[in-house]
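One chain follows as structure tokens, the form predicted on its own.
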């Protein structure tokens, strides 16, 4: 198979995606992708399932994770690639993050209850299944129980950053996130910087040891892609890319929508080898 395009930012239902890992693999192969990275929030369970399903000559599936960090009052997401996902310290940390996600979900349900929304955590757990609990699961539960009409309405009215039921994530700094990824010999990449709208943070993250910037992303236009490539080069980092696919959420599957060249994976592997 000719190695052309890859997608290094995909979520399964192990976190807040709608596709099972098997469905991710099936869609990626039908889309003709040469490689994908499973980057679920605070879990590698989706990767483990997907990796057991594939044949390397048809599709490469890379271990990854997306960590939620907090810097100067803003949410910053850091992607970890080619991680040693069986490292005991990493497993311990990830389990702690998963527990914190569940407790945050409970706190948001309590706030919803205070607002007169009679949603139970049992309903959220039923929707999340074995996944790490996140706001999308609460939004789906609100839709299912007919407290709102749509997923977007759930965020706008209750779960968005400035909405009344929002609860901030436990604080993990970008430096701590980067250090954790490096602990397991992974490559640390800043996710979708265009959505953060604080490019002035990038030099700070470079000083912390960030390895790369996600230039290609479904919310980046062509100008943004070029801007983040330039930022990466300026600070001696690599650039990567992916769709940030969550399955058919909002009626559209984004996987493979970004023409991310295979050379980005070659660069990732080079950086890993240098660690």
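Small disclaimer: the values here were computed from a predicted structure and weren't measured. Positions refer to the first chain, counted from 1.
There is another form of this protein, the form predicted together with a small molecule, and it is not shown here; the text below is about that form.
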- Item | Contact residue in the predicted bound form, chosen from 30, 58, 233, 250 - any heavy atom within 4.5 Å of the small molecule | 250
- Query: Which of these residues, 147, 90, 155, 97, gets a heavy atom within 4.5 Å of the small molecule in the predicted bound form?
  - Reply: 155
- Task: Tell me the stretch among 32-40, 46-54, 242-250, 221-229 that has any heavy atom within 4.5 angstroms of the small molecule in the predicted bound form.
- Result: 242-250
- May I ask you to check whether residue 134 falls inside a 4.5 Å heavy atom distance of the small molecule in the predicted bound form? yes
- Message: With the partner left out here, check for me: in the predicted bound form, does some heavy atom of residue 182 sit within 4.5 Å of the small molecule?
- Response: no
- Message: My question is simply whether residue 125 lines the interface with the small molecule in the predicted bound form - judged by any non-hydrogen atom within 4.5 Å.
- Response: no
- Is there a non-hydrogen atom of residue 169 within 4.5 angstroms of a non-hydrogen atom of the small molecule in the predicted bound form? yes
